[in-house]
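First comes one chain, alone, set out as structure tokens in the form predicted on its own.
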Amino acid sequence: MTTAVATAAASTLVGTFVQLRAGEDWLPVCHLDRLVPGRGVAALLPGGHQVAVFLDRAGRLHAVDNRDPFTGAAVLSRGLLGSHQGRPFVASPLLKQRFDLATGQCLDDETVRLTTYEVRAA
């Protein structure tokens, strides 16, 4: 391996990761610099489960199920971020239902809730 290739490979391992809590462990899901405020990314967890990870415009990290409970499609990472009464939400790109990013509660149907995940940058 050349020095340039070795340096490039090492640089991909350095930096701040976004991590999700899975039981007692923290799983790295992506580099923090891959997140753009106001946009989400999908991450595949062990076992095939998908989560949507967001960096809101205030610089806070959020993670929820990526699966839209109304359609079954794994699309919430492509949803639009906004806020309602000062709380951040993601609106599904399909039917536009809004989900509170802190609690997972659907703001348009109180009987529906997403799973939320503890997330950190480390």
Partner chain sequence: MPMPTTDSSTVSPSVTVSPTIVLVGHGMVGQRFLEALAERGLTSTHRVVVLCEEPRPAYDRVHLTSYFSGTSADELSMTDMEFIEKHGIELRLGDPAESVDREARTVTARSGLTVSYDTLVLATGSYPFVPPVPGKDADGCFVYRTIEDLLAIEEWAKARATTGAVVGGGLLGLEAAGALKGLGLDAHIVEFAPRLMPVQVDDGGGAALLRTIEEMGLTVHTGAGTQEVLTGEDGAVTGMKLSNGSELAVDMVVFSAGVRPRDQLARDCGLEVGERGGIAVDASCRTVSDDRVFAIGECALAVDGRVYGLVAPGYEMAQTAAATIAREEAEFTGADLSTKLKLLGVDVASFGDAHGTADGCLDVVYSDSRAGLYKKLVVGRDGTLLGGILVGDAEAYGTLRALTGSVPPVSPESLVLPAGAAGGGAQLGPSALPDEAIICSCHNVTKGAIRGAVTDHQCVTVPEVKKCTKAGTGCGSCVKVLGQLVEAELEASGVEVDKGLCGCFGQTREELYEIVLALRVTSYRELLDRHGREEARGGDGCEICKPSVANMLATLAPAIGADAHVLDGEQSSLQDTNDHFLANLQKNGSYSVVPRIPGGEIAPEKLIVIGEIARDFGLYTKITGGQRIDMFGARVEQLPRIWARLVDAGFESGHAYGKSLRTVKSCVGSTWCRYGVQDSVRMAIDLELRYRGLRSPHKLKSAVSGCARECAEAQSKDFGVIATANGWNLYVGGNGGATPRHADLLAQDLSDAELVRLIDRFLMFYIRTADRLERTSVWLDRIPGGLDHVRDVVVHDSLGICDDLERLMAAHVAHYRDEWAAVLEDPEKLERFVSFVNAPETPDPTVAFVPERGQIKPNLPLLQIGIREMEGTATR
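Residue numbers count along the first chain shown, from 1. All of these numbers come straight from a predicted model, not from anything done at the bench.
The form predicted in complex with its partner chain exists for this protein as well; it is not shown, and the discussion that follows is about that form.
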_Contact check in the model of the complex: G23, L61 and V64 versus its partner chain, with a cutoff of 4.5 Å between any heavy atoms. Do all three pass?_
no
*With a 4.5 Å heavy atom cut-off, would you call A102 a contact of its partner chain in the model of the complex?*
no
*Flag G47 as yes or no: does it have a non-hydrogen atom within 4.5 angstroms of any non-hydrogen atom of its partner chain in the model of the complex?*
no
*Quick one: does L80 come within 4.5 Å of its partner chain in the model of the complex, counting heavy atoms only?*
yes
*in the model of the complex, does L32 have a heavy atom within 4.5 Å of its partner chain?*
no
*Going by heavy atoms, what in 39 to 56 lies within 4.5 angstroms of its partner chain in the model of the complex?*
R39, V41, A42, A43, L44, Q50, D56
